[in-house]
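Given as structure tokens, the chain that follows is alone and in the form predicted alone.
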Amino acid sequence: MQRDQRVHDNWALLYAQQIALEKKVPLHVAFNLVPNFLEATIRQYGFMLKGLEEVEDELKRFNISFFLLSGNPEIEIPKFVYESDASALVTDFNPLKIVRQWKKSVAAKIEIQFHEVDAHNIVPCLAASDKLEFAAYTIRQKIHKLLPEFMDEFPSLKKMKTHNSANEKFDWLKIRNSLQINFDVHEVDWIAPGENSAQNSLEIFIKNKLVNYNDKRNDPNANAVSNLSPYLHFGHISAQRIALTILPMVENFESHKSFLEELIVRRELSDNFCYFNNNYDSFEGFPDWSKSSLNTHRNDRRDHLYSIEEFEQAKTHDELWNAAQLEMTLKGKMHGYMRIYWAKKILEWSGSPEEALKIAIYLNDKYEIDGRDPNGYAGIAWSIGGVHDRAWFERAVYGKIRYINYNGCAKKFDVKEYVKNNPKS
């Protein structure tokens, strides 16, 4: 349960339960906790651990054991499989929602079958496309064609008759204190983690925000966005469940259309980018036209140059950019439109595209609750490197990368209000 940390609406768990019921054996769920991961802080780890504690409690209602492993997954997962004698459970069976299966010899020299089930996307990544897609328009038709095949209603999880009750409830405070991470970036209290909170957030969005989503989603003062991205990142809610809920609500057609475009096409395009592009987080991952253009303007004079420390501390000359950085630093979630402005200005005020990309990824992954996510990497690559975009009018520093400035933002929303709502503490 590494990527989709929920009990319900989870194709991987449902698939595993089908096998367990057929073989009349207990069902175990394991999560391998890595003590430190990239730039993740207690902000992200705390959100995740609270969600996992809810998973543990909910699984018990279904007589399903939850095991929390800790350490290197390449060592701990084979060790867990060996000690659980899981290899004895493997026989032939009919696949349900399976993406691929194979036999693999793992570190503990256990020969078992592994099955990969994409419970994160609606159309599984490898079913949607077998190559790196150029832009949304090249993958949209492929996804829409396959949607009817994958938009099934979820079956309900069943209560298991057999249960291994050997494991006691985990000491989550002890687990938290064992982490080898940055505790200086504090957790936030405006959003609660877990499957139940995710469902509540979806209901609030539908009731209060969906009607204005299309017209107001690019206004950071309007509070028209769903705020579901942290839940989608940790798998506290299924994108398919959200889509199944939103689909019948066609009375607000434009909002309905634009929200589902973001939820399905744009989100799965990001997964495609990170899966098929090994350089998704580097300059080499940019399209050829943008690399050529950025190289041409590599030595252009910058009106402003800031260090990573100045960016992190929101010490630029631009009050709007500073407010965006402070929103992310203090709240753990920057408004989506502001992420674009934020990343593009890092390109404009850094010594090179490589440096800009490094700074943007570092700050995003350190402060955003939904950092280290395909949407984040693709969004930064779009803003700085023209990924999934086209060439625009050429200008200094940016080359042919799409340009956004302060005045353009001021035409879309009240900049002063946004700055006022995100002051320095």
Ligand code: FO1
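Just count from 1 along the sequence shown to find any residue number. For clarity, every value in this text was computed on a predicted model and none was experimentally measured.
The same protein also exists as the form predicted in complex with this ligand; that form is not shown, yet it is the one meant from here on.
- In summary, the region of this chain contacting this ligand in the predicted bound form, judged by heavy atoms within 4.5 Å and restricted to 232 to 240, 295 to 303, 192 to 200, 347 to 355, corresponds to 232 to 240.
- Looking at F37, you'd find a heavy atom of it within 4.5 angstroms of this ligand in the predicted bound form.
- In the predicted bound form, this ligand sits within 4.5 Å of a heavy atom of G371.
- Contact check for K216: no non-hydrogen atom falls within 4.5 Å of this ligand in the predicted bound form.
- Among residues of the shown chain, I359 is not one whose heavy atoms approach this ligand to within 4.5 Å in the predicted bound form.
- Contact annotation: of the candidates K142, K291, H120, K331, the single residue with a non-hydrogen atom within 4.5 angstroms of this ligand in the predicted bound form is H120.
- Out of the listed residues H8, K424, R3, K420, R3 is the one that sits within 4.5 Å of this ligand in the predicted bound form by at least one heavy atom.
- Taking this ligand as positioned in the predicted bound form, none of the residues of 340 to 359 brings a heavy atom within 4.5 Å of it.
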